[in-house]
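A single chain comes next, written as structure tokens; it is the form predicted on its own.
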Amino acid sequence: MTTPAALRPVCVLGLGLIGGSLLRALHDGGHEAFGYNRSATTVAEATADGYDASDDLTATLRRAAAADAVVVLATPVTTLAPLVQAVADHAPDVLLTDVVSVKQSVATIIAETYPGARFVGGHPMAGTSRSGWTATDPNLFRDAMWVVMTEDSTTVDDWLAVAAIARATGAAVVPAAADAHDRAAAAISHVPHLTAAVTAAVGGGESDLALRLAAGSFRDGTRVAGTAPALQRAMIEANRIAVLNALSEIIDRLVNARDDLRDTGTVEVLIDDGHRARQAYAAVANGPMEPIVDVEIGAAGWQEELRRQGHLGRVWLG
């Protein structure tokens, strides 16, 4: 196993829940980290809490270039293109990564806006339904999974630099290709936002009595529907193809369950399938993490082997 890279300075563009939590986690861990946000109010909140933040994008990027910092894109996918263009203009040689919940769309934006950029995408699998600086938490990523894009073209130094950021926050690294990530994210994150929304809409539209009676199943099943609508739309719509495929399977299963209930009076098939899948998830989530082994990063085929082991649920712990 290759020795993990030393953590380089990190510049975070966007100080909402994820970007702000990243800035806090790195700073509180003793690492050099600074950030930018277009909102002067957010910057004032961050600096009042003792963090290094600015609302001057050009100055922040020039500082990143001088420090050879890794620049982290931490805004919704719909706002990325102007940021990437600013990086191209003011810090063209920096390594870019991101914390956006879709990967192919981000890669496309970067390829179209700044061809030739050094980019290794990332996605920490962590969050809450809250947003903004006041929601940030330096422990948000501890023991979370952090997907680091691992394509055949990914270079050793750049991959290790991004993986080092994830590890510095307490997260475990999961290597994956962009398309595999987006399919997985559609199934376990983006479509659940849609099912939470429909559950909330149906329950909320029933009656005030229903809302008064609502307890754990409604609360837990609709939690992510409380996320800011614009943020939900941005990630779901940016992953449209993968979401459509996963959503089609869900609709088919629900239609079959409806037909079974109407025709035979049972929903046994869907309930049993769901119960088995939930038990499988609990076994993985509550069991020990299985580390990636016997991969020398930089050796022939290292990217493919990392992806293969990541697909098996293994994690890179450096």
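Heads up: residue numbers just count along the shown sequence, starting at 1. None of these values were measured; they are calculated from a predicted model.
Missing here is the form predicted together with a further copy of the same chain; even so, the following discussion is about that form.
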Only one of 151 to 159, 90 to 98, 214 to 222, 72 to 80 sits within 4.5 Å of a further copy of the same chain in the model of the complex by heavy atom distance, namely 214 to 222
Residue within 4.5 Å of a further copy of the same chain in the model of the complex by heavy atom, from Ala44, Ala67, Leu254, Leu57, is Leu254
Answer yes or no: in the model of the complex, does a further copy of the same chain come within 4.5 Å of a heavy atom in every one of Val174, His311 and Val315? yes
Checklist entry - Should Asp208 be counted as a contact of a further copy of the same chain in the model of the complex, where contact means heavy atoms within 4.5 Å? => result yes
Does a further copy of the same chain get within 4.5 angstroms of any non-hydrogen atom of Pro115 in the model of the complex? no
Using a 4.5 angstroms cut-off on non-hydrogen atoms, would Gly132 count as touching a further copy of the same chain in the model of the complex? no
Worksheet item: So in the model of the complex, does Val147 come within 4.5 Å of a further copy of the same chain, heavy atom to heavy atom?
Response: yes
Applying a 4.5 angstroms cut-off on non-hydrogen atoms, the residues of 13 to 33 near a further copy of the same chain in the model of the complex are none
